[in-house]
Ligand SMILES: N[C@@H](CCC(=O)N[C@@H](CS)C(=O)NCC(=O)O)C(=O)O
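As structure tokens, one chain now follows by itself in the form predicted alone.
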């Protein structure tokens, strides 16, 4: 784990001492946008853009799910980093970067901006034509893939319809702060009080979400939206990683009557299971974060059966092709 400072790589962990023991996620910096109509310098075109992702990272995972559901596999190519993140940050296996030929993701960042300062994160949306990073904010990449590439993918699928956007944004804000980032705020805290606060907020949020899902199949009514996929990538990692590694152990997702069925429901949507790689997930967290797990031993469990019946049909129909 490290960062770039004026274009120079430095192996440096998050400075929680400066924040009183709290983990504070820095803002992403590349925030340009691909457009279908050419209203930005980055027009949506097949074969022009490339994603750098980690199969372990929940933020990158979101974009892979949208890519799969929208049928954009032949439109948008992908490079997958190695699951282990050590002193050089995200590393690309030999031959994995067919676009820039790099071995470290920080080299992709400095190719885009030679004096870049900040964390080197996934996902990264790269433009082959201009030779730069367009965007490294997963939420924005999701929305670009959802709409701007409709001429080349499944235009019938809209994960963020206009009439639901305000509610989707509200749910996303709650889930991001309390759950998506909440597990990190607990896991990366370096003082007891910051851990306790994050832990309590996380499980209060999971309790709220479980109650919400008792009466509705998905987070925003009976429409499967981006809000569900943003929550899914945390839920699917929760029992294998966050319970033990991040000390989020009050309850497992398996212990929640509604969240557990909801997790299986989403996992069984066609195209989604192929984006989930538990080997990468577990090896990344347990073997990369040696400040949390110094022995880097990766646990063998737990046993998960995400293909088991979920029982969510009682709350509404499956989304089908227009999920």
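This structure is a prediction, so every number in the text was calculated from the model and none was measured. Numbering follows the first chain given and starts at 1.
Not pictured, yet referred to below: the form predicted together with the ligand.
Q: If contact means a heavy atom within 4.5 Å, which one of 120-128, 162-170, 190-198, 147-155 is the stretch that engages the ligand in the predicted bound form?
A: Correct option: 120-128.
Q: I'd like to check something about residue 253: if you look in the predicted bound form, is any of its heavy atoms closer than or equal to 4.5 Å to a heavy atom of the ligand?
A: No, residue 253 stays farther than 4.5 Å from the ligand in the predicted bound form.
Q: Indicate whether the ligand has at least one heavy atom within 4.5 Å of a heavy atom of residue 174 in the predicted bound form.
A: Heavy-atom contact with the ligand at 4.5 Å: absent for residue 174.
Q: With the cut-off set at 4.5 Å between non-hydrogen atoms, does residue 258 touch the ligand in the predicted bound form?
A: So residue 258 does not count as contacting the ligand.
Q: Would residue 233 show up as a contact with the ligand in the predicted bound form if we use heavy atoms at 4.5 Å?
A: Contact with the ligand, no.
Q: With the ligand left out of view, choose which of 79, 225, 180, 136 has a non-hydrogen atom within 4.5 angstroms of it in the predicted bound form.
A: The residue from 79, 225, 180, 136 that makes the contact is 136.
Q: State the residue from 108, 248, 213, 85 whose non-hydrogen atoms include one within 4.5 Å of the ligand in the predicted bound form.
A: Result of the distance check: 85.
Q: Going through 1-15 from first to last, which residues have a non-hydrogen atom within 4.5 Å of the ligand in the predicted bound form?
A: Result: 1, 2, 14.
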